[in-house]
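One chain comes next, on its own, written as structure tokens: the form predicted on its own.
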Amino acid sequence: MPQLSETDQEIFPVSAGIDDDGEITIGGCAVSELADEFGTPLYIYDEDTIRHMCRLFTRGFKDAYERSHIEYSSKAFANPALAKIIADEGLHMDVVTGGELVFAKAANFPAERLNFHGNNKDREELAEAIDYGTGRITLDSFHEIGLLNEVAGEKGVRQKVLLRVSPSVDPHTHLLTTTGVLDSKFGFSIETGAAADAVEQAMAAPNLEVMGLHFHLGSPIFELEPYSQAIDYVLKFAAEMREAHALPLTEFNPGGGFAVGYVGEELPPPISAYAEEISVAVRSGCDRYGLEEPLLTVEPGRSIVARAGVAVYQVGGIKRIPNVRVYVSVDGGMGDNIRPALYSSEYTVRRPQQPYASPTEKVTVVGKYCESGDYIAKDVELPVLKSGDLLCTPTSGAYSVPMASNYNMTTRPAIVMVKDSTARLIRRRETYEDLLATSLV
């Protein structure tokens, strides 16, 4: 029986395979049959892969550090159907806006397992979070410290919080996804003294209960050393703040940013390696600075859902420029996945039917949007294509859907969840009526 190549097995969903007709299947469903039923562009999410990744993280960190829990970062992909799976797997979850909180509430996600992040939460969002009983709110600015203390006081609650600090450590990833350096909009800088001032102010706020510290270096991070470097620096700061302001370090959250493999030639370290690096650094730092070992939280987002998602497109026009380039246009592009245009992100592209057929040619897969920078993948080898063929991109489950837009007034694609040869629609395709629904004449 035919099967995916060794490299494709690392980036397609765990349930993916090739059937007797030579077609890629996901969750037991043939890609072409899903495209026929739900149309294209289409995003397919594999439930088995989501659960597999949740369990890998839970087991990997529990084995390395017993007092740990996993907190899914929902900005990677927020959907009530996904939130129910995350809850069922025992994970916590973070949200960064009132909109993401609405998705969590729609799934009846346990409020005590929620953490409200974000660098500019407004009064209404903070009130909504408190009303829902959100377990933790991570504070990112002096404005938020004062505002949350005020809102919590009005509601007669003492809200548990974490303080987000910036350790000024470069994780060597893309400039636009680097968040832990000094020149960043996120967090209180330890280097400048802002973090110490934030600790003093938050500890004095009568309606806030400071549980510990959080930081996040950025994503995707392929290296391990930045984690241990930053953890030591932040734990040293925590010890100083314990002496100066009685800061408790009941909880410690070094963020996420764990990398995934988008192309077979560049795969990240295993989750167990991240877990070991982080756990050893926390234990060593606590021992070095005389701290009790805290509850450890990590925040995978991309690495939970990226591999679970596959985008499917249909080929339209093909433009061959002799001795220059072959452009293959598809019915999606930067409207449903802006990451290549924004971050120069690379993707693997496969034809679902007979994916490894020859002869092949080098092509650039582009979208239908009115931008020269609208592309899916540049200079990739594919079987010779014709209009009407399908193409799919694995590892499309993170950030593609959340960052989608209606640019050029296109409708956003449908999303299906597959498992055991069954597909269920978890978000319908937008209609033109949806586009007009908020417009006034």
Ligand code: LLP
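Since we're looking at a predicted model, the values are computed, not measured. In this text, residue numbers run from 1 along the sequence as written.
The same protein also has a form predicted together with the named molecule, omitted here; what follows describes it.
Only one segment in the set 149-157, 277-285, 356-364, 69-77 has any non-hydrogen atom within 4.5 angstroms of the named molecule in the predicted complex, and it is 69-77. The named molecule in the predicted complex is approached by His214, whose closest heavy atom lies within 4.5 angstroms of it. With a 4.5 Å cutoff on heavy atoms, Met403 counts as touching the named molecule in the predicted complex. Contact between Glu125 and the named molecule in the predicted complex is not found at the 4.5 Å heavy atom cutoff. Heavy atoms of Phe222 never reach within 4.5 Å of the named molecule in the predicted complex, leaving it off the interface. This chain is displayed alone, yet in the predicted complex one of Phe103, Tyr132, Tyr233, Tyr343 has a heavy atom within 4.5 Å of the named molecule; that residue is Tyr343.
Only one of Pro294, Gly333, Gly301, Pro226 lies close to the named molecule in the predicted complex, with a heavy atom inside 4.5 Å, and it is Gly301. Across the proposed site, Arg51, Tyr313 and Arg424 without exception lack any heavy atom within 4.5 Å of the named molecule in the predicted complex. Shown without its partner, the chain has Gly256, Gly257, Phe258 in segment 237-269 as residues with a non-hydrogen atom within 4.5 angstroms of the named molecule in the predicted complex.
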